[in-house]
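Same protein, same chain, two forms; see structure 1 and structure 2 below, as structure tokens.
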Structure 1
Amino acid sequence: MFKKILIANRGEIALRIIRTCREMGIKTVAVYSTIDKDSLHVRFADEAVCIGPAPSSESYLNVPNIMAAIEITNADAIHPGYGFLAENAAFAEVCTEYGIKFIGPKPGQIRKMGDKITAKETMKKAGVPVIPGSDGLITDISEGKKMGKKMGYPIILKATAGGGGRGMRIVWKESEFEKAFNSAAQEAKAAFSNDGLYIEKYIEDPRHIEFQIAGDRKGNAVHLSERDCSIQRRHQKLVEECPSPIMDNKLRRKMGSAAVKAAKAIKYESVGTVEFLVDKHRNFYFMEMNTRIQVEHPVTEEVMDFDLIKEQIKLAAGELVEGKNYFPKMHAIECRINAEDPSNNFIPSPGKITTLHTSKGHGVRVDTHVYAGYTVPPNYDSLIAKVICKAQTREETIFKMQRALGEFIVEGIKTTIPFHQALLKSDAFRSGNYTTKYLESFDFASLKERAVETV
């Protein structure tokens, strides 16, 4: 087992990894930018190294500085968390060259799944259902128009190196194609330094279901059930839950089997997720694979009573996958609390938190790195906390989450708590009858901070 792990990340995920390492008797090294010097992950790690100024390109994405921090602290492994360098195959290769264990999959596995065209072809060969689309990149607008006409509108343009909804445009008719193509390519180039686009048939009003998987170096793989991530805004997830309201054991077995096939097809070594779209006829299609720990991993942890970070570290150290595919017996929901104003187009709300009281009680978990007096910087993702509730049934979990959010007090900045409170009261969410398009008709303007009804 590793003696010292450097965590190449910040915020709640860095703190989350530190806690598991401490329980495993592993020392930790935090890295931080100058603006993060007062962050809790810096305080609670055994060692901390400043790796640059606030811009992520000069700190959390600065590979030479991170490798220097590894050298001066004698860390023998690195955990990338999620985001930043977590799915950067070149960084994983650098770690290998320097004899540092990258806690995640091998570089080749990251590359196969990181490029969406390659991933799709790999899944086809493995017998995993994929969305109909182009066989490769679309390099010419006229070629794309012909493909769209043949496939039938609506279609969706996607960046081959994409993620998080960037470099993605829905095209409803041929006259919109050129503008959408140019816009998506420009955004993809800025976000990923790769403007390659491909076309898929657009699945209208789908559910977004992902399966947590784990694989080892012997080629074994299992799934740890699903998470429903259909509550999202502009392809950004806001709420996740397990089990999915639309799931039954028959569909779970079929999708779980496909997820395991996907992992075995690339001999995947680590924890990760296989993401699917499910249409109104309950047909499912491979969308992408995330070769890292997910923001929403606590949903699975709470339902299973299982530490996924610990499993990830153990797999990196050479241990094998234990157990079988998992079918949930409890229910869990996660609400992401962001420093944003949901009544004003989710505009970021950085600044000093003057008052903070987090939720507590049976079946309530809060993963956060903020505290009263902490200043949320404007330089990074706006996530400040995750509230995860679990109970025996979905209805009980919703009531528990309403209670937990009512107790969660943040003053000094705007947060997405009012949105979550309104969502949990909506008929669509309570019934489980919603799709990824649901929030397009949601009345965000009516949200008012701290307008909470007694449950």
Structure 2
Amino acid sequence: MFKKILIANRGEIALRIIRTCREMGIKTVAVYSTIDKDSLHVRFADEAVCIGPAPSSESYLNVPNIMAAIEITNADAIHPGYGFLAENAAFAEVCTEYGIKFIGPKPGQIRKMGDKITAKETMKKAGVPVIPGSDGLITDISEGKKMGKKMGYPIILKATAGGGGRGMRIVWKESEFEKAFNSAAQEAKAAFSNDGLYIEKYIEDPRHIEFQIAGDRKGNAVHLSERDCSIQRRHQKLVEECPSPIMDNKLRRKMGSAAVKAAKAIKYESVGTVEFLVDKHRNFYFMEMNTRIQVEHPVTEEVMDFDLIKEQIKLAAGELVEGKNYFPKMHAIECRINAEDPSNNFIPSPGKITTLHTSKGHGVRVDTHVYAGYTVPPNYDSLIAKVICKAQTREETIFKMQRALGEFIVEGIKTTIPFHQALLKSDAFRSGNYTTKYLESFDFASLKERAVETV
């Protein structure tokens, strides 16, 4: 097992990793930018090294400085968390060259899933259902239009280097094709330095359901059920839950075995996530694979009674997965609390937290790095806490979340708590009958300040 892990990240996920390391008897090294010097991950790690100024390009993405921090502290492994360098194959390669274990999959596996066309081809070959579309890149507009005519509109253009909605355009009819193609290619080029596009049939009003998987160096793989992440705004997830309200064991077995197939097809060696779109007829299609631990991993941890970070570290150290899939025993919901104003287009609300009281009590977990007196810097993503509630049933979990959010007090900055409180009251969420489109028609403008509510 590793003796010392350097955590190439900040915020709640850095703390989350430190906690598991401490329980496993592994020493930790925090790295931080100057603006993060008073962060809890710096205080709670065994050692801490400053790696540069506030902009992440000069600190959390600064590979030479991170490698120097590894060298001076003698860490034998690196945990990238999520975001930053977590899905950077070149970085994982550098670690390997330095004899440092990258806690995650092999560089080749990251690369394969990072290019969406390659990922899709790999999955199709493995027998995982994929969304009907072009085989590979569309290089010119007339070829694309021919494809569109054959498939039938609406279609969607996607960037092969993309993900997260950038370089993506829905095309409703042929007359819109050319403009959409050019602007998607331009956006993809600016964002990823790669203007390659491909076409898919557009699935209207889908659900986003992802499967947590784990694979080992022997090629064994299992799934740990799904998370429903359909509550999103502009490709940012706001709420995740397990089980998905639309799931039953029959569909779970089908989607789960497709997810396991996906993992086995690339001999995936770590924890990861296989994302699917599910249409209104409950057909499911592979969308992307995330080769990292995700923000929403606690949802799975809570319903499974399982430490996914510990599992990820053990897999990196060469341990094997048990040969069984996991089915949910409980219900869990996560609400992401961001330092943003939900009644004003979610504009970031950095600044000093003057008062803080986080939710507590039975079935409530809060993963956060903030404290009273902490200043949320404007330089990074605005996640300040994750409230995860679990109970026997979905209904009880919703009631518990309402109770928990009612006692979560943050003063000094705006947060997304009022949005979550309104969502939890909505008929669409209550009924479980929501899709990725739901928030497009949500009335954000009339959100009230945080309220202490009874169910």
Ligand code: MV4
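Start at 1 and count along the sequence of structure 1; that gives the residue numbers used here. Superpose the two forms; the largest set of C-alphas matching within 1.5 Å is the rigid core. This structure is a prediction, so every number in the text was calculated from the model and none was measured.
*Asks:* Only one of these is the form predicted alone, so let me know which.
*Replies:* Structure 1, which is the form predicted alone, differs in this respect from structure 2.
*Asks:* Does V370 count as moved between the two structures, where moved means a C-alpha shift of 2 angstroms or more after fitting the rigid core?
*Replies:* The answer is no, as the C-alpha of V370 shifts between the two structures by less than 2 Å after core alignment.
*Asks:* Superpose on the rigid core, then tell me if the C-alpha of H281 is displaced by 2 angstroms or more between the two structures.
*Replies:* Result for H281: no, shift under 2 Å.
*Asks:* Any idea how many degrees the smaller rigid part twists against the larger between the two structures?
*Replies:* About the larger part, the smaller one turns by 8 degrees.
*Asks:* Please state the CA displacement of S142 between the two structures in angstrom, with both forms fitted on the core.
*Replies:* Displacement of the alpha carbon, after core fit: 4.1 Å.
*Asks:* Quick one: how many Å does the C-alpha of E187 shift between the two structures once the rigid core is superposed?
*Replies:* Comparing the two forms, E187 shifts 3.4 Å at C-alpha.
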